[in-house]
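Only one chain is given next, in structure tokens, and it is the form predicted alone.
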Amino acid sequence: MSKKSFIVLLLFLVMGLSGGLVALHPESPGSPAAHAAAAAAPPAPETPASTWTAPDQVAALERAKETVPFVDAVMDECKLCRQMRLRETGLGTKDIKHSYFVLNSPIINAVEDHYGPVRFMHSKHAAQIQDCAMCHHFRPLGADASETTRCSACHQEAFRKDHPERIGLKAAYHQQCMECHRDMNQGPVDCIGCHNKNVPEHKDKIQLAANPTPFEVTEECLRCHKAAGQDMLKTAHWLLKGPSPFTLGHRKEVEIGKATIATNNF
């Protein structure tokens, strides 16, 4: 046997011997003991996937919580003069600081909260209208005041005694948006076109004892929904009455109905 063949054979023997020794070692990853320990070990807890949130949405929701200081006095200028002045200054979409808003003012929610907030694409509207004065129709009085202050700076609570001529924030939103949508024949003009219905959490409003009767549940519902209860009394279900063709001899007698024999208790 040549010297080279002998060295190769020796390497194969050493490698095979080492592999066998490692496999027989009780702590080796490939040993039977290691396989049994891995099977008996509890599964590793899964790492929950991180929930992604849109940065623009988070920032808009935070801005919506803010209540800006009330603007007491505004610059006295006609609409045409303001339009011309803003165009001369070159104010446009490039000057927009926030391109997206969530209209969810605490001023409005303090009075009523029947609908969800409105998602308002500020930059999209500005680019299409090309007239900042259309919405920002007044400028706060003061040399350092912003030309495009928020709606909620001038319009806050309705029927303010110090400024009875100004409408409230809710009316300002609706008047500005809906009238513009009608004039341009674009955009929604109804409630659910802009809002999602905001169903309140009833568990915080219902006042019922444990195991209430059906009559107690109905009474509790009618405590808030009185108009709905009156409407139900005019429905076909409640006023169900009329001749039955299945009576004996087809006498067309009223056998079943709320007006005669009630078949249920609601």
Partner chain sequence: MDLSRRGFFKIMGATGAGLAATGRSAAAWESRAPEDAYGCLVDLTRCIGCRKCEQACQTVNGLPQPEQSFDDLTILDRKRRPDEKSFTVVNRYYSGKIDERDQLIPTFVKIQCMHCQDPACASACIVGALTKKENGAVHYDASKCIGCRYCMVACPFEIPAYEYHNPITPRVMKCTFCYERVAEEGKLPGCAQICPVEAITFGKRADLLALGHQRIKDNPGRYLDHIYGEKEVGGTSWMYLSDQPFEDLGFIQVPEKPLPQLAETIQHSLFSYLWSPIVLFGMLSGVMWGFRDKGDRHIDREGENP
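For clarity, every value in this text was computed on a predicted model and none was experimentally measured. Residue numbers count along the first chain shown, from 1.
The form predicted in complex with the partner chain exists for this protein as well; it is not shown, and the discussion that follows is about that form.
Residue heavy atoms within 4.5 Å of the partner chain in the predicted bound form occur in exactly one stretch of 130-138, 173-181, 145-153, 73-81, and that stretch is 173-181. Residue in contact with the partner chain in the predicted bound form (any heavy atom within 4.5 Å), chosen from Pro164, Pro188, Pro106, Gly90: Pro164. The listed set Val118, Leu86, Ile96, Ala158 contains one residue whose heavy atoms approach the partner chain in the predicted bound form to within 4.5 Å, identified as Ala158. In the predicted bound form, at least one heavy atom of Lys197 sits within 4.5 Å of the partner chain.
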